[in-house]
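In structure tokens, one chain follows: the form predicted alone.
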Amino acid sequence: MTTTLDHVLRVQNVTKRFELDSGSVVALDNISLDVQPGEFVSIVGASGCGKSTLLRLIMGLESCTAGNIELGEINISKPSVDRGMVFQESRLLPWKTVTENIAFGIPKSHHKKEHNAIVQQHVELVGLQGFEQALPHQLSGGMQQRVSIARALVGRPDVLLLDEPFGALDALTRIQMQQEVLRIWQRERKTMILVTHDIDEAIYLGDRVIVMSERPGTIRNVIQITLARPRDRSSSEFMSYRREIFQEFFGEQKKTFVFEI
């Protein structure tokens, strides 16, 4: 199932403004970012800085106030099968089984025989063999998110967008799901963009970590993570990246408090 992709995702001078009853709010201000094919990019920032808004713009669920976003030579203006998205909540259809929920992401043009084979491939990809006929309420939170990931991948997108997909999970399940996503990324080599509040998660998964400012969201720093995988969260190198990102948010005084007590 490994694919070779050649589409660069380009975010070019993007600004997003929302018009509210209370006035105009600038969520993103002049964001520019290139994401290479097969790259895993993590985005961190304070709540309300526009991280999720950026993903929604890339998905085509929102339109840019200024600037543009391109995938390859195509300007993004609406949702498309070349982009898949996983949300914090699983958003599964409660009356449909695992296979039926995954199949919901397959374009209608697929032949029925091919359709069934693709669904089974993705059941196996996310490790849900034996649960094909289970309903969402019969699954754990982590298993529900595996179904969501499979549903987002089943349309064979070039880019997978992950919007705080593990935020509602307990700590151990969250780590397990991070490892699952990393395994899937290493197998599929699809471009992945993760929004998270968890700095360790961003470092563990990302080739780069994009650090965003408070609203209006801008890119404060781009940190290249050069650690080999699998990454040791307790290593001095990992801690050094963590310290660098904390310093972006809290400065020298808070960095000392966090790491030297």
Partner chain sequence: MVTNKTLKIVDRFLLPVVIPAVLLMLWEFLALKGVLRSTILPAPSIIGATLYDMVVTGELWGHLRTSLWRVIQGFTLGSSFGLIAGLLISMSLRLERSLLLVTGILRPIPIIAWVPVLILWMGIDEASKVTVISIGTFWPVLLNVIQGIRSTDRKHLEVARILGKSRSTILFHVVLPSALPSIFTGLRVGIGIAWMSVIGAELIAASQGLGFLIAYARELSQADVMLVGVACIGVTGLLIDILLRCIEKRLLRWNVNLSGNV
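Since the model is a prediction, treat every value here as computed from it, not as a measurement. Positions refer to the first chain, counted from 1.
This protein has a second form, the form predicted together with the partner chain, left out of what is shown; the following refers to that one.
Checking Arg220, Arg215, Arg231, Arg56 against the partner chain in the predicted complex, a heavy atom within 4.5 Å turns up for just one residue: Arg56. Interface residue among Glu188, Asp158, Glu180, Glu89 relative to the partner chain in the predicted complex, by the heavy atom within 4.5 Å criterion: Glu89. None of the heavy atoms of Ile118 is located within 4.5 Å of the partner chain in the predicted complex. In the predicted complex, the partner chain stays beyond 4.5 Å of every heavy atom belonging to Ala46. When contacts are judged by a 4.5 Å heavy atom cut-off, Gly60 counts as touching the partner chain in the predicted complex. At the 4.5 Å threshold, heavy atoms of Arg151 reach the partner chain in the predicted complex. Remark: of stretches 167-175, 78-86, 139-147, 123-131, the one touching the partner chain in the predicted complex is 78-86 (heavy atom within 4.5 Å). Residues are counted as partner-facing when one of their heavy atoms sits within 4.5 Å of the partner chain in the predicted complex; in 86-106 these are Phe87, Glu89, Arg91, Leu92, Leu93, Pro94, Trp95, Lys96, Phe104, Gly105, Ile106, in sequence order.
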